[in-house]
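This document opens with one chain alone, in C-alpha cells, the form predicted alone.
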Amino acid sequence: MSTPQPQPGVMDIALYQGGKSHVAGVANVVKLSSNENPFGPSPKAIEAVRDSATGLHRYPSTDHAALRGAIGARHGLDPDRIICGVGSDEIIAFLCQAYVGPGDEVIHTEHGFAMYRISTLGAGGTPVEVPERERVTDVDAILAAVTNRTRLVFIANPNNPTGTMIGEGEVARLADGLPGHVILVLDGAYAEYVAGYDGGAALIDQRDNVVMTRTFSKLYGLGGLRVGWGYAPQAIIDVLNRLRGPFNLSGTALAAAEAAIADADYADWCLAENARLRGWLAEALAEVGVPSDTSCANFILARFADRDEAEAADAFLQARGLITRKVAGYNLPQALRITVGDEDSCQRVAQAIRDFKGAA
C-alpha cells in the first residue's frame, strides 16, 4: 500500500536545534546560546508593542511600506528594493524556493549557518560545502566550487558561529568571479556590529546578482517577533515578493521593528557595550588558555583542546547556570559559542572557565 512521500531532499534535513534555554535542576540560568541582545529591545519598541495591542483585530500592512521606509532612511537604501520577512530565515527560504530546484547546487562554507543547507534541501537542490581557511571564508575555495549547476552562494559576513569576516575587497572579488547566473547572498545578521560596514549594499547597487539579508533579532533585540529584511536588485525583489505571503509579518512585529530602528541612541549604546565586553571576555578566556578568533559579532567562539574538553567545559558551565552553544553541528566540535552577555554574565563565564581550567 502506497503512502504519501515528501519531496526528495526533505528527509535529509536534520531538525534544527535552537539554543538551549533550560538546565534541569538549575534555577536562574543565564542563556548565552542564541546571540540575543542581553539588554533587550529598545524601550520605544516595547512601547510600540503595547500600543499595537488595540489593533490586534486588524490585518497588518501587506506592503510593509512604513517599515521599509524606516529601514531605507536608516541605511540610505531605496525602500522599493527592500523586502521584509519572518526573520532573515524567510528571505533565505524565498531565494532557494525561487531560484533552486532539483539538479541545482547551492554553495555554503563549512562553518556556515545551518539554514543555508536546510533551505536548499527543502527546495530540492544540492548543498555544496566548501572549506574555510582557519575559520575564515575562503573566496578561492568558493570560486573553485562553482559549476554550471550553481545557482546561489551563501556567505555570512560576519560569520556565525565563528565571528570572523572577510573585507569588502574580498567580497567584491567573490562577486566579480561569479558567473551572471549565480546569485551571491550576503547574510548580514551581524553586520551592525562592524563599524562603517554597509553589509554589501554598495556592491548590490553595482551588480544584478548580489543580495543582502539582515535581521532585527540580534542588535535590535526582537528575536521573539521574528523580523528580517533583504535588499536586492529590483528584478530579484519582484521575484521574491511573488512568494511572500501577503500578511507574513504581524502588525505588532512591524510596529516594534519600526520603533527599534528609529532609536539610534539605544542601538549605539548596545553596540558600545557589546564591543567593550566582547574584548574583555575574549582576553579573560585567552589568559587561561582558551583562545578565540577576533570576533566581529556579539559572541565569541571559544576553542578548547579537543571535543572532550569542550563538552566537559559545557557541562561545567551548565552546572553553574551558564548556557552556551555547542557547535559540533557546524564542524567545530572543539569549540563553544558564547554570546556576549551583560557585565555580570561575562564575569560569571570568565570565572567559571578559570575554575574549570584550574580543576582540569
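On a predicted model such as this, the values are computed, not experimentally measured, just so you know. Just count from 1 along the sequence shown to find any residue number.
The same protein also exists as the form predicted in complex with a small molecule; that form is not shown, yet it is the one meant from here on.
Examine Arg117 and determine whether its closest non-hydrogen atom to the small molecule in the predicted complex is within 4.5 angstroms.
Judged by the heavy-atom cut-off of 4.5 Å, Arg117 is well away from the small molecule in the predicted complex.
Closest heavy atom of Ser217 to the small molecule in the predicted complex, within 4.5 Å or not?
Yes, Ser217 sits close enough to the small molecule in the predicted complex that at least one of its heavy atoms falls within 4.5 Å.
Considering only heavy atoms, tell me if Arg244 and the small molecule come within 4.5 Å of each other in the predicted complex.
No, Arg244 stays farther than 4.5 Å from the small molecule in the predicted complex.
If you check in the predicted complex, is Asp198 within 4.5 Å of the small molecule, heavy atoms only?
Asp198: no contact with the small molecule in the predicted complex.
In the predicted complex, which of the listed residues (Thr162, Asn274, Ser88, Thr137) lies with a heavy atom within 4.5 Å of the small molecule?
Filtering the options by heavy-atom distance leaves Ser88.
Only one of Arg151, Arg81, His75, Arg226 gets a heavy atom within 4.5 Å of the small molecule in the predicted complex. Which one?
Contact with the small molecule in the predicted complex is made by Arg226 alone.
Would you mind picking out the stretch of 184-192, 143-151, 166-174, 249-257 that comes within 4.5 angstroms of the small molecule in the predicted complex, counting non-hydrogen atoms?
That would be stretch 184-192.
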